[in-house]
Ligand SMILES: C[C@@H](O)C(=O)SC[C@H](NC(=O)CC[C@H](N)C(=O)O)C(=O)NCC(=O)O
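Listed next as structure tokens is one chain, alone, in the form predicted alone.
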Amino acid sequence: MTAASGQFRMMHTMIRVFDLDRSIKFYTELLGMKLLRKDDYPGGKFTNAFVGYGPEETDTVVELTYNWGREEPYELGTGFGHLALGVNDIYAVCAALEKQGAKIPRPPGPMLHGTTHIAFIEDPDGYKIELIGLDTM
């Protein structure tokens, strides 16, 4: 079987977070996602929170994993790239996010070798989120 046969569906991307409440606030209040569910696993000493724009049954979501007792933030490593979100009026979105305290290491503007306008923001743990201007594609 291949992905083309319709047997696969992207379900979620998981990232480990240092402060679960702060991360949930960022994804829900700044990026407009909904907290879909939050489950504690006492035996494994961790909590999973799922955030997204639609239900897990039909939409790809982000799994925020909080390991209890963690005393230092995670190192992001070199393998993870970024999450990507499409937005209209990327300049206004970035201005509003910046006013709310979001870090914007790459302000909105055209791609180096293209016409689509993009920006990068960072969540509280430093994970990169690419914003893609849907109205500039």
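Because the structure is predicted, anything quoted here is derived from the model rather than measured. Quick note: we count residues from 1 along the sequence shown, nothing fancier.
A second form of this protein, the form predicted in complex with the ligand, is not displayed here; the remarks below concern that form.
Contact annotation: F18 falls outside 4.5 Å of the ligand in the model of the complex, judged by heavy atom distances. The ligand is not shown here, and in the model of the complex it never comes within 4.5 Å of any heavy atom of I129. Looking at R70, you'd find every heavy atom of it more than 4.5 angstroms from the ligand in the model of the complex. Although the partner is absent here, I121 sits far enough away that none of its heavy atoms falls within 4.5 Å of the ligand in the model of the complex. Three-residue candidate spot H12, I24 and R37; no residue lies within 4.5 angstroms of the ligand in the model of the complex by any non-hydrogen atom. Interface residue among K103, H82, K99, K45, judged by heavy atoms within 4.5 Å of the ligand in the model of the complex: H82. Residues with any non-hydrogen atom within 4.5 angstroms of the ligand in the model of the complex fall in just one of 24-32, 45-53, 105-113, 58-66: 105-113.
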